[in-house]
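Presented as structure tokens, the chain that follows is alone, the form predicted on its own.
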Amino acid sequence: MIASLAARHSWFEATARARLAGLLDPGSFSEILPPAESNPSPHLALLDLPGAFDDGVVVCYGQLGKRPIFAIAQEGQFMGGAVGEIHGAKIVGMLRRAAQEKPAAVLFLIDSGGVRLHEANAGLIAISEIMRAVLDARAAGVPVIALVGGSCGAFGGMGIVAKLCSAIVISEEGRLALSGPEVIETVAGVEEFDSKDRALVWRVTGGKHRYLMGDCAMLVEDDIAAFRSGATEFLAGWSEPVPSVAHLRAGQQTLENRLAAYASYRDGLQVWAALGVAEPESVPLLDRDALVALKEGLPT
């Protein structure tokens, strides 16, 4: 057990570059616009705020199982992975290039609280351009796989981007939602959602909940090697479907059914019980394999 733990490398605690180094085939990581060739955000400089030479995102070429891969990794440790103009432009440029060159996939390592409010409209426009670029890459036949397990999760506009991807691979520590807990509490009050109740936060937005709800294709351990294995396994059996109106309507119906079934619930425990989990209070204690087995046994 000690050797096993020593061999693990936490995705949650790693930097963007450390995640990429462990995710891609050894020696295949090739960064585009590395810090020495990039520029900090001019918007942050105008506000007298410190910037980062890569503006908090790494874009690169590489290989996964000897297949050509494009990868994008947000750095949650810089401004919470928030998207600004340069940050967004690097992501959009990589996705547009993927649509042209058609690698085996784009791996999108999302670790972001959403738009960078310091950059106002520039950040909002960047988020919308990322959304369009994800859909354009998929329409070109290139799967875009979101990997979510960082300390900032995938919130705000990046929560929407994650759901626009071909699939999401998430860890228990990952979180996915539109509005973050602090935002909800600020707008609606602590009675509506207590952002300091960490157990509640993870029961509502955490990886286990999202996996049980069918929002994520795969649940993996908080380990860089586990994310690598998960992405490899997923891509081995995946072909990007042709976009269709019927598929969009089916997705919309699923959301309408969910709203009708769960709109009055305030806790993941209530949702899990409604899904058919016999002992919903036990879900936070289950390990990954036990949770996968539980989900497979739920009524469809």
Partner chain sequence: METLDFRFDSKPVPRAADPALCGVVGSGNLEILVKSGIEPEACRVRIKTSARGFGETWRAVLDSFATSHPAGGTVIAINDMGATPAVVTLRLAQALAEYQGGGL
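Numbering follows the first chain given and starts at 1. What you are looking at is a predicted structure, and each value in this text was computed from that prediction instead of being measured.
Keep in mind the form predicted together with the partner chain is missing from the figure; the text below concerns it.
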- So which stretch, 35-43, 271-279, 232-240, 64-72, is the one near the partner chain in the model of the complex (non-hydrogen atoms, 4.5 Å)? 35-43
- Message: Test of understanding: in the model of the complex, would S151 fall inside 4.5 Å of the partner chain by heavy atoms?
- Response: no
- P26 near the partner chain in the model of the complex, any heavy atom under 4.5 Å? no
- Message: in the model of the complex, does A261 come within 4.5 Å of the partner chain, counting heavy atoms only?
- Response: no
- the partner chain contact at T15 in the model of the complex, heavy atom, 4.5 Å: yes
